[in-house]
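Shown here is one chain on its own, the form predicted alone, set out as structure tokens.
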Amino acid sequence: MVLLIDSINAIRDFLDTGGQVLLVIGVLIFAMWLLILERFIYFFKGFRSYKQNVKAQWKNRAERNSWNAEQIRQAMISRAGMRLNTNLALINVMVALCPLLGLLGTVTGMIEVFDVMAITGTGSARSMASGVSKATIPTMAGMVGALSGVFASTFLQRRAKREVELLEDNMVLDH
């Protein structure tokens, strides 16, 4: 219990050091990783049964060589691709927002530095230190969130493309 309380206090101190923008970045990164984990779970668990169902529907068709059959095949593949690409665009938007919010944190931190300089009338390093940390910590958090999201998003997009191609290869037209 003490470990949990210490962890919560450490997170609270970190959020206080980075300002309110850091809280927004943290919520954004949390939501982004929830969506990423949902996609990973779908790719490795949910899509397998859907793919088997689509392949079984195609193999159970009596006629697989006409123009209509080809259109039905394309529609099945397109539906599978749409299921695979669900939320990937939203994940990409969240990845793009992370560094922008980090930049917003930089701006608000620097405004605080200039505010301290205007109030004290000097360029004292001690009085400017909290504003500088409020300027750099959100930037770092935004970059970390964006980098981790870029790697996961790229993996998911490649995996979706490969799964669609494999499904196309498995659903052969009879000639």
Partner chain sequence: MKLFTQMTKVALFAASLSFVGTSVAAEPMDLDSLLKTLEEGKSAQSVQNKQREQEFAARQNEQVQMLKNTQAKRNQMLVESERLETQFEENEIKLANLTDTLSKRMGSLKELFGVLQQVAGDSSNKFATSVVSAEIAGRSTFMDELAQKMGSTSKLASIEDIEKVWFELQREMTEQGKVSRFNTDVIVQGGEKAQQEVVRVGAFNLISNGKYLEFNPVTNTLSELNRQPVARFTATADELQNTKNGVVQFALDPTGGSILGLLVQAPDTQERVHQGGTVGYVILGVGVIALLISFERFFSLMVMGGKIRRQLKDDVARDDNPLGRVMKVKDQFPDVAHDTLELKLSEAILREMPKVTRNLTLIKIISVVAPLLGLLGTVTGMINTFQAITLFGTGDPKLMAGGISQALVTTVLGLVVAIPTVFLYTLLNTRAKNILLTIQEQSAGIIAQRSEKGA
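In this text the structure is predicted, and so the values were computed from the model without any measurement. Positions refer to the first chain, counted from 1.
One more form of this protein exists, namely the form predicted in complex with its partner chain; it is left out here, but the text below deals with it.
May I ask you to choose, among 132, 144, 111, 150, the residue with a heavy atom within 4.5 Å of its partner chain in the predicted complex? The residue from 132, 144, 111, 150 that makes the contact is 111.
Can any non-hydrogen atom of residue 117 be found within 4.5 angstroms of its partner chain in the predicted complex? Residue 117: contacts its partner chain in the predicted complex.
For residue 61, is any heavy atom within 4.5 Å of its partner chain in the predicted complex, or not? Because a heavy atom of residue 61 falls inside 4.5 Å of its partner chain in the predicted complex, the answer is yes.
Look up in the predicted complex whether residue 140 has a non-hydrogen atom within 4.5 angstroms of its partner chain, and give yes or no. Taking the distances in the predicted complex, the answer for residue 140 is no, it never comes within 4.5 Å of its partner chain.
Using a 4.5 Å heavy atom cut-off, state whether residue 16 contacts its partner chain in the predicted complex. Heavy-atom contact with its partner chain at 4.5 Å: present for residue 16.
Those residues of 77-107 which, in the predicted complex, come within 4.5 Å of its partner chain by heavy atom: 78, 79, 82, 89, 90, 93, 94, 97, 100, 101, 103, 104, 107, in sequence order.
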